[in-house]
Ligand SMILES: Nc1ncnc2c1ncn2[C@@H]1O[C@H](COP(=O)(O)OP(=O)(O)OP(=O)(O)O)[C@@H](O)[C@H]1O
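The chain below stands alone and is given in structure tokens; this is the form predicted on its own.
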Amino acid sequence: MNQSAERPHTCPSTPQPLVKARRITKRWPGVVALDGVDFNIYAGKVNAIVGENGAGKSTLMNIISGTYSEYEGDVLLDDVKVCFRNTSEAARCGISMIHQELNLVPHLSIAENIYLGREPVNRLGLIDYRKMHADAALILNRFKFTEDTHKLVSELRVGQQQIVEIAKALAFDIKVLIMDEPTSSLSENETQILFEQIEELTSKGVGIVYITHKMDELRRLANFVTVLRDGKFIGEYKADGVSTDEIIRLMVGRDRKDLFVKRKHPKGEKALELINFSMRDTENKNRYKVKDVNLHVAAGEVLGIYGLMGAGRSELFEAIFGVHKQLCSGQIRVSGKNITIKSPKDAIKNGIALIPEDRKNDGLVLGMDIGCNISLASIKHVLKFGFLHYPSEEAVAESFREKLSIKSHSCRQIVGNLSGGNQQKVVLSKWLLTNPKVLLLDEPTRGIDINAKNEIYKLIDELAARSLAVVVVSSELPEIMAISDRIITICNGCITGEFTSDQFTEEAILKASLPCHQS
């Protein structure tokens, strides 16, 4: 590595920053999350901030946006030192943040979430619901979002909730908008609309901070790139003056390599089979979310499932796992035996594990520690005389913490305080402890950095080598092609194509996943 990559670097000949963060240090018990970090936000520009999970990106943005008020160093807005006590103070000064992990109230309506804490009132001082819903609809129309603003957020899919989170930030009169992996749950069309909104905001002088692990998004949007590594500032670069390979090298501290190389493993007997498997729509029993699916995956095989948002991928996994038994029909076989799955408990007993797309709400108990989360689905492994045996739980948790490189000071660290990538590793640990025969992975690398993705890919390969049957849903075509032995495409709940590894091409797989492909 050359010297310029080793020392902090700031772009020459750049405009005067709207926001300056200088020598920011943030400490947690036993962990220095940020160590003397500098950062700039420029009016009318996009500064992409990149780094591995745990590099300190979200922590730094939480300081600038007022989530964390205790830290060392200075934040200056228009050259005036500020220290926001909460996010409301930051918002009043024009700084809003869209979090990767959604901060919505599920049992309030869309409009109530967008205007929570600053609802419009009438002359009597009462909430003006008509105006609130009308204003919310205007913001959402910018995203071609057609859901009724009276609808509860809990009734929306994850991608729709992400749009509500974005609309919530845009409802403020903003000078600075911070976006933490905003496209992680969006469809391709929704992503394109978001990019158009970003371009409109920057044209009006709004400064954008864009946290991403997707290099194509960085290339599309960024004027500047700031790199963090292990809580330290590595450098700020003009986006058109630094290559993708160089950015990755700066992030991970070594030259870019294709760290993951898929190995071929002998295939065993069929571990999972679906025969004429269907699931009706939860809202309209005359429609199907999954229809007449026939598929199989063998022990030692990685089966990829690719489809566009809303194609029925997650619904298929939930149906297999027993979440919607009353809506399902058809046959499930595990290791050649017909089984009946009436609940997730039955699925676990039959050797099926599901890593859900939404790790925050469906995969973890954020207020519990790492050890408790890992043992949650396999409590029998850590009992002694019918009681929870903490030394056993700690031993199990520490072994997974080491195997999966979970960055934390101990297995007793609260999961809600971990980065998104490390939270995902805890979810994986929890389900691997159940010793499954079949592992269902729904978007396993969503919001995870490049290096952590390689770790997950290697883990998937190792599991297949140990004769586990793995089924992976991913929205990223290069990813699904890199890790799979075979790929099936799904559209409108139906299988529309099947490809062996020698048939993999992005064009063919994408074409098979499009609605127009179907007769």
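Each residue number is its position in the shown sequence, starting from 1. Just so you know, these numbers come straight off a predicted model, no measurement behind them.
Below, we turn to the form predicted in complex with the ligand, even though it does not appear here.
Taking a 4.5 Å heavy atom cutoff to the ligand in the predicted complex, the contact residue among 113, 162, 149, 413 is 413. Among 289, 99, 313, 213, the residue placing a heavy atom within 4.5 Å of the ligand in the predicted complex is 213. Between 327-335, 414-422, 191-199, 71-79, the stretch whose residues reach within 4.5 angstroms of the ligand in the predicted complex through a non-hydrogen atom is 414-422. By the criterion of a heavy atom within 4.5 Å, residue 55 is counted among the residues contacting the ligand in the predicted complex. When contacts are judged by a 4.5 Å heavy atom cut-off, residue 465 does not count as touching the ligand in the predicted complex.
Proximity of residue 407 to the ligand in the predicted complex falls within the 4.5 Å heavy atom cutoff. Contact annotation for residue 443: none of its heavy atoms lies within 4.5 Å of the ligand in the predicted complex.
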